[in-house]
Every structure is written in C-alpha cells, then in structure tokens.
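What follows is one chain in structure tokens, specifically the form predicted on its own.
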Amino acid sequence: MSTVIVLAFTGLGLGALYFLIASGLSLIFGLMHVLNFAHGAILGVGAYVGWWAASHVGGGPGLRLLLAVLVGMATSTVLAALLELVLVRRLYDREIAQVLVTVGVGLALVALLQGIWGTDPRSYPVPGWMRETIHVGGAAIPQGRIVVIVVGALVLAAFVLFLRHTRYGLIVRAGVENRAMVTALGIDVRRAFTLVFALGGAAAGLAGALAGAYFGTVTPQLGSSLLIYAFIVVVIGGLGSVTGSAIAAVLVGLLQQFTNYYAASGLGDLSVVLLLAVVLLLRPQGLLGRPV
C-alpha cells in the first residue's frame, strides 16, 4: 500500500508541474488562438536566470530558492510580453507564421542558454526541508512533492478567479468572442491580450523554478522536454480549458508513474501517447473542450 501512495504523490507532483506549463499554453491558445512553441524555452530562460541569481547571493537555500522563483517569474513574464508585443501581435491573422516565429524564437533561446552557460546540468538550490519526508498512510513522501502540488492547485484557483471574476478576465473572454465589438466599446483588447501572454510567461517561469527544485538540476533542454507533455496535456484537457488541463495533467502524471513502476521503465511515455490517442478518438475536442 505504501508503494501505491508514494507513486500517487510522485504522479501528482509531476502532474502539477505539467499543469503549470500547460496552463499558460492553454490560456494563450484558448483565448488568443496562438500556439506558442517558444513557451518551453521561456520556461528554460526563467529557470536559468533564477538559478544564476540564486547562485550570486548569500543566505540559506530557502531564501535562494525564493529569489530564484521571483527572478525566474519576472524574467519569463517580461520575455513573454515582449514576444507578444514585438512579434506575435503582428501575426494574429497568420497562423503558419505564428508557428514558424515561435519555433524559431524557442530554438534561438535554447541556443542562447547553451552559449552562455554550456550544456552541462546545473545544480539548483533545494532547501533541506524539501528533501525531508512526511509519513502519509505509512509511506514516506518528500515534502518537495507536497509543495509542487499545493502551488499547482493555487495557480489553478488563481487563473479561474482571474477569468471569471475580474474585469480583465471579462474583457479577455469578450475579446475572444468578438474583438471588433469590444474595441468599438472603447476597450483596448490588445492590452488584455498582452496581459494574457504575460500571465502565461509567469506560469512558465514558476514552472521552471519548481522544475529545477523538483529534479535538482536545470539544463538548456529542460523546457523543451517538458513542453512535449504540456502540449499533450492541453490537447487531452481540451484546447483553451484551464480546468481541463489540470485534470489531464493529473491523469498523465499518475499514468506515467504507475506504468513505469508496474509495467516497465520507459513504457510510461508510451502509455501517455496511447491515452492521447484514445481521448482523440472518443472525444476529439478533449475532456472539457468545446465541440469543433
């Protein structure tokens, strides 16, 4: 029984990481219809800049991790906003160009990270208390897993509250349905869309910092490897549904962990792809997506 509990918490922790990345992707695509392939690289930049900042200050690992999170989120937020303002804003009606530009930016950012800090993994500041364990049902669970799960739940609640109960959330949703009408009312929809991109970047920066603490290291390919699963989560959950992404992230994380343990190591990835295929066959719009 303790093995099942450990696998469950590990899967939930991994699912929370997937959700943090997928939430930004889902928000940007669902509201603005932009597939941002640079999202993973933005996560990587946030993780590396946070790591660099934490490596150049004193204090304990806890303070350094907090600094890494704040600096990483700030960097990713600014980077995502600049991407929308400088490049994507001019391409809202040209979907192929959006894909090419964001893929190019993603590749350039990864190359930039490799050029500055090399390709070797870098150790991330992880407080000792995150490595300590608590006992749940007789199983020893690392507290770091609990932190990631709690942060994922808080981000989900924050996004839902923003979209449903704030003025900007209302403007964004109305702008997606009918941008011309909202603009005619004197509301600057472009500013709201830039805000959505910035929020997605902030979530990516947070995911990068927590992924560094979760795995203990960061590499230039960290964002790219996680982005693949984030896209799968977004498709399974339903394009544009943040809540659907949360449900899908939990399913993917748990399925991956249990399959790797009870079947064979490595089959977890295959099981995720099979889950994606089954969902697309039975419900093409995803779990909580709108019918096309």
Partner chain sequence: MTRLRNPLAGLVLVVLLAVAPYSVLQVPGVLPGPLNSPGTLQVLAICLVFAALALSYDLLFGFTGLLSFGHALYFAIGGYVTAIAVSRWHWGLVPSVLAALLVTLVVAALSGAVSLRVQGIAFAMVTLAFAQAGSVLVVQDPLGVTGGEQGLGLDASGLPDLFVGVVNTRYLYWLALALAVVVYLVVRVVTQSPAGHVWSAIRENELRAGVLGLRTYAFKLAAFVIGSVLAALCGAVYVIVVGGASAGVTTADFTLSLLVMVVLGGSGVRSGAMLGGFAYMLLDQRLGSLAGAQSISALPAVLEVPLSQPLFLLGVLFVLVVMFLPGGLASLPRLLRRGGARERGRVREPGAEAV
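Positions refer to the first chain, counted from 1. Treat the numbers as computed from the prediction; the structure is a model and nothing was measured.
A second form of this protein, the form predicted in complex with its partner chain, is not displayed here; the remarks below concern that form.
Screening Leu35, Leu251, Ala53, Val69 for any heavy atom within 4.5 Å of its partner chain in the predicted bound form leaves a single hit, Leu35. Residue-level contacts in the predicted bound form: of Thr217, Thr183, Thr133, Gln114, one residue has a heavy atom within 4.5 Å of its partner chain, and it is Gln114. The stretch from 92 to 100, 162 to 170, 73 to 81, 187 to 195 that comes within 4.5 Å of its partner chain in the predicted bound form, counting heavy atoms only, is 92 to 100. Annotated contacts: Leu27, Gly62 and Leu199 are all free of its partner chain in the predicted bound form [non-hydrogen atom within 4.5 angstroms].
Among residues of the shown chain, Ala263 is not one whose heavy atoms approach its partner chain to within 4.5 Å in the predicted bound form. Taking the partner from elsewhere, Phe258 is found to have every heavy atom lying beyond 4.5 Å of its partner chain in the predicted bound form. Mapping the unseen interface onto this chain, Gly104 counts among the residues with a heavy atom inside 4.5 Å of its partner chain in the predicted bound form. The shortest heavy atom separation between Leu239 and its partner chain in the predicted bound form is within 4.5 Å.
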